[in-house]
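Encoded as structure tokens, the following chain is the form predicted on its own, with no partner shown.
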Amino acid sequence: MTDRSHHTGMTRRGLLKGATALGAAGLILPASYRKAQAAPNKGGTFRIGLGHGNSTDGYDPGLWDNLYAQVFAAARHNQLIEVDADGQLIPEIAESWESPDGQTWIFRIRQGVTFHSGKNLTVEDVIASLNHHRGEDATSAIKQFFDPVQDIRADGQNVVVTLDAPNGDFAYLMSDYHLAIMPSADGRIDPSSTDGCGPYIVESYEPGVQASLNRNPDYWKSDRAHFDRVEILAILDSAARLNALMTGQVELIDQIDPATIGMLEARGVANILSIPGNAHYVFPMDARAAPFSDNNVRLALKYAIDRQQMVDTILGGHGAVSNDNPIGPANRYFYADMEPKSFDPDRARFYLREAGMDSLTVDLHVADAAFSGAVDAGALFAETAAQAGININLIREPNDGYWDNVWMQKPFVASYWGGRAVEDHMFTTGYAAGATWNDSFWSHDRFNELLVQARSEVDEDLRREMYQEMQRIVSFEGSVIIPMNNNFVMATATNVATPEQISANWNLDGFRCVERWWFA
């Protein structure tokens, strides 16, 4: 994908009034992937095998942190706004939205929507659902989204949100998967409830194992939810996932090992979907802990990794080299001209000397639960780093419990991000000081200052300059190594039909494969 930041014109009105065009457009499938575009068939049981899921997963929307939880949530819930396959913001529970100044946002709430329990969805339900992520006692991963929110109130059939400063991207934030609209009582939602207004109704759920759901007969979207039933299985082992697809136990799997793609295609037992976007694999370093508290050490490690080798070996070419930049080529302010980093052992040794070291030994905690091929990626990293006098002691952790016991618990780990379609969303979620998912525990005064300023800047050129400066700060002063942007690679049984265009904003068609796909 090419740098679109200089070719995508975004007017102030385009930023503030839905539907909004975004840079992260979905992939139009090559002819070999396309299904006949007849009216979708109804019926059947759609079984999904995912390399994610924990025994500690639950129903609280503020705590969803992996693909299993995200797809399960998409099967049950709607948000105010949906990101369509072509990267457009389109109405969902909010049938329209507008802002006169970027500071006051007005969302017109759709009437006639019911929850699975039969309760009619109201403005009060929307306010309670948003407020679940606000306040000092909130435990939500996106609590920081609501820090600028001064007030949320009802005005007839509208929900009015007032910010402390203009934010042209606020409508996009309302599409975040955590912001499920749930029924309320006495101004609060029940975060342990299964009740939603989405396409499927929960029949059973065993966290870290399986979920079974049945089609919602009263779903307000008549052109969605084509399957009679959906089953979502946690299959953490990549070989077991592949076997489940090949033996007909599931119709969709994620995290395909690139080495198996040729075999699947040759046998004609599956279709491969490889969707480029802003997703990326990462090695975050705890900036609070020595030796990672020294940026010279972090730079030494960044120059001790062979990025192209990782793309070729781990991704099998289904991705691209990253320059330690969480903002991807599909973002409108992507800094394509930033000075690239390449494998340079001499430069890595230079930064070690700047840190007062002749050599370095660090532990890197990995598991394939972090991303498919993470263990092999760690081994490649250790091989190249050794040429720079850096000893990476690879510690292989169990897949089960990795996200609870390793990620954000150990000082140097493997992880992944799905990327975000707008820069503020990505930076606020993963890099703002104190953000719940700031997995490197990094804080940078200039970065945090720019983060606030860029939200309310309406001059496109100045906004681009701010976001590009922030990208360079993260790349050269941040506490995360981002060696590669990965495609979303998945395999489906040959009887699974998809729309011609598949969303790239999140994996599995924006998590909505359960709602958008069908059996041919």
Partner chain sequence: MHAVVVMILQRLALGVLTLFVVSLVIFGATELLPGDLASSLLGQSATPETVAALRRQMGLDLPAPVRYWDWLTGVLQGDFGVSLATRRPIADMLSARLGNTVFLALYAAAIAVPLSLILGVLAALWRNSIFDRVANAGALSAISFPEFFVAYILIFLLAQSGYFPSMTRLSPAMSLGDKLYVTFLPALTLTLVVTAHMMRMTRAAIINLMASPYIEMARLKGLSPLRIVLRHALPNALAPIINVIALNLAYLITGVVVVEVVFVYPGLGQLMVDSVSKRDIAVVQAIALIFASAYVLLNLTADVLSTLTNPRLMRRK
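Given the structure is predicted, the values throughout are model-derived calculations rather than measurements. Residue numbers count along the first chain shown, from 1.
One more form of this protein should be noted, the form predicted in complex with its partner chain, which is absent from this view; the next part is about it.
- Stretch 397-405 is the contacting one of 318-326, 397-405, 168-176, 112-120, since its residues have non-hydrogen atoms within 4.5 Å of its partner chain in the predicted bound form.
- For the options N41, Q453, T56, N495, the residue carrying a heavy atom within 4.5 angstroms of its partner chain in the predicted bound form is T56.
- Here is the short version: of I90, V160, A185, A240, the single residue with a heavy atom within 4.5 Å of its partner chain in the predicted bound form is A240.
- Its partner chain in the predicted bound form is approached by K143, whose closest heavy atom lies within 4.5 angstroms of it.
- The shortest heavy atom separation between V458 and its partner chain in the predicted bound form exceeds 4.5 Å.
- In the predicted bound form, none of the heavy atoms of G389 sits within 4.5 Å of a heavy atom of its partner chain.
- Of the heavy atoms in G102, none are within 4.5 Å of its partner chain in the predicted bound form.
- For the marked spot (P148, D424 and E469), a heavy atom within 4.5 Å of its partner chain in the predicted bound form is absent from each of the three residues.
- Of the residues in 420-451, those that come within 4.5 Å of its partner chain in the predicted bound form through at least one heavy atom are, in sequence order, T436, W437.
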